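As structure tokens, one chain now follows by itself in the form predicted on its own.
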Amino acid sequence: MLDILSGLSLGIEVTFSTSNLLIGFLGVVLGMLFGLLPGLGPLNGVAILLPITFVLPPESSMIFIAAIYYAGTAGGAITSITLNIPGTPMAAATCMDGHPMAQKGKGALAIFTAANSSLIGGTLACIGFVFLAPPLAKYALMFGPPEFFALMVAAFACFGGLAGKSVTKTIIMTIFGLLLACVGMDVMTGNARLCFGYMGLFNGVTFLTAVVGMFGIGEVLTTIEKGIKAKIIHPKVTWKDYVESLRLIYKHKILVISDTILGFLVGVLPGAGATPASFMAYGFSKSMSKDPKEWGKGHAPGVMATESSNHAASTGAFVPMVTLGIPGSPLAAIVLGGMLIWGLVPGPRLFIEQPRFVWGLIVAGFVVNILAYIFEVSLVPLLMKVLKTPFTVLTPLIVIFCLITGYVQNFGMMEVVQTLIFGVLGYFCKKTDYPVSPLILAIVLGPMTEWTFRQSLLQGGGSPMIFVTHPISFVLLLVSVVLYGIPITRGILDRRREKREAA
């Protein structure tokens, strides 16, 4: 305990220097801008601005990068809520309830709820970083291909919480998403799959093209068909919204804390990241909810689940990077490269050899989360003016943002075409009540699921018993069975209750 207190004291000394505070504030401003603009996001922001850090001390560089990351993650939620276009991949799940809240005139409440949830999730995750980093990193090191595959199965089991009115339609969309995830080069053989001779498909179907196409362009097409032009409700931002968001957070405090823990644990696992963590938290919380039918219609707990979990996962991703040298997310991989350029060797000895860097990073997590929160909350009145933009102006802007987002993935026209195709597909999914989220999450998790499954079979000599003989994977598979059974059991009980009421 004394080591932790002395480490935190050193971190406070590093972070609260005048220069580092200014660097952190600059990182928050830039990160918020990168998060607000669809197609950029904190990952691109860090990649673009990383060279600037080479002239700064390592601890200052890490504070700058952390500020961009945390603020960018927060800014992505604002675009998801106001425009139904995820500003960042990890904010994609926030669209499901955040945008319907804005359409109901609760846009300010949704943004305040997202900001409060992200602050809680990020702060609790930083506390977890302080006390649980060494044992969690050691536990994550125990995860091999069988364990990661079982974790992916558990994630798919959460799809029951993402289902619409029909579990069958959810299964269909999940399978379709897995098929789309197979498009491109086979990572084990190098052969092209499902490309049909088109060179542009060799890179596969990217996650962002699916997200912005189905949520962005699909939403535009649906709105145009309904003839909604200037009928968008323009909510007035008041402190009453802020106080109401705090009341809702307190009412659902168990949900926020549990999703924070889930997000942090998923973030610690190398390769998982904040995007699947937010979808898993949303699906799990919906499955456990007493009123699951309200989710997806502008239900505040849906925003709480996604925002608390993705911020916790963003922090958790730094744990294996700092303690083991294993990046827990794509952004952590970029930061890992930066650490090597800064002359730092990640691993267990980093706490001993570079305490100013490690503890400065940990304390900076607390500080930049608070700075991002203040910045986001104070600008809500300005940000809510987006909803006052005439629909005739907003529509072409949304389409342009979506197409730019598709193009910057690989700077090719095939991604633009994919975005348009997914937009049309999203429109028809809304028309036919097919849930979009299972397809998107299947595209995200599909490659890793296939990769770990094939690695596990190679490791086990072709026998699937390897998933049973490994204790962790066996436990995760049992949890998956329970998660699969919850929506099925709930559906049976609902049908029986409806029959009794009809009689």
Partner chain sequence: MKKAEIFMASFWAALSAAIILEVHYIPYTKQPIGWEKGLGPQAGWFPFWLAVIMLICSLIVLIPKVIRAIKDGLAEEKAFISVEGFQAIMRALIPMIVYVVTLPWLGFYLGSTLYLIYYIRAVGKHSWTLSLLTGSIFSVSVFLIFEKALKLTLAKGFIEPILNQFL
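Residue numbers count along the first chain shown, from 1. Just so it is clear, the model here is predicted, and its values are computed rather than measured.
Not pictured, yet referred to below: the form predicted together with the partner chain.
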(request) Go through 250 to 258, 191 to 199, 72 to 80, 105 to 113 and give me the stretch that gets within 4.5 Å of the partner chain in the predicted complex, heavy atoms only. (result) 191 to 199
(request) Identify, from the list Ile127, Ile370, Cys182, Leu246, the residue with a heavy atom within 4.5 Å of the partner chain in the predicted complex. (result) Cys182
(request) Counting non-hydrogen atoms within 4.5 angstroms of the partner chain in the predicted complex, say which of Val205, Cys429, Ala154, Leu262 makes the cut. (result) Cys429
(request) Classify Tyr407 as contacting or not contacting the partner chain in the predicted complex by the rule of any non-hydrogen atom within 4.5 angstroms, answering yes or no. (result) yes
(message) How about Phe131 - does it come within 4.5 Å of the partner chain in the predicted complex, if we only consider non-hydrogen atoms?
(response) no
(message) Even though the partner isn't displayed, in the predicted complex is Pro471 close enough to the partner chain, meaning a heavy atom within 4.5 Å?
(response) no
(message) At 4.5 Å between heavy atoms, is Glu294 in contact with the partner chain in the predicted complex?
(response) no
(request) Select from 167 to 191 the residues with a non-hydrogen atom within 4.5 Å of the partner chain in the predicted complex and write them out in sequence order. (result) Thr168, Lys169, Ile171, Ile172, Met173, Ile175, Phe176, Leu178, Leu179, Cys182, Asp186, Thr189, Asn191
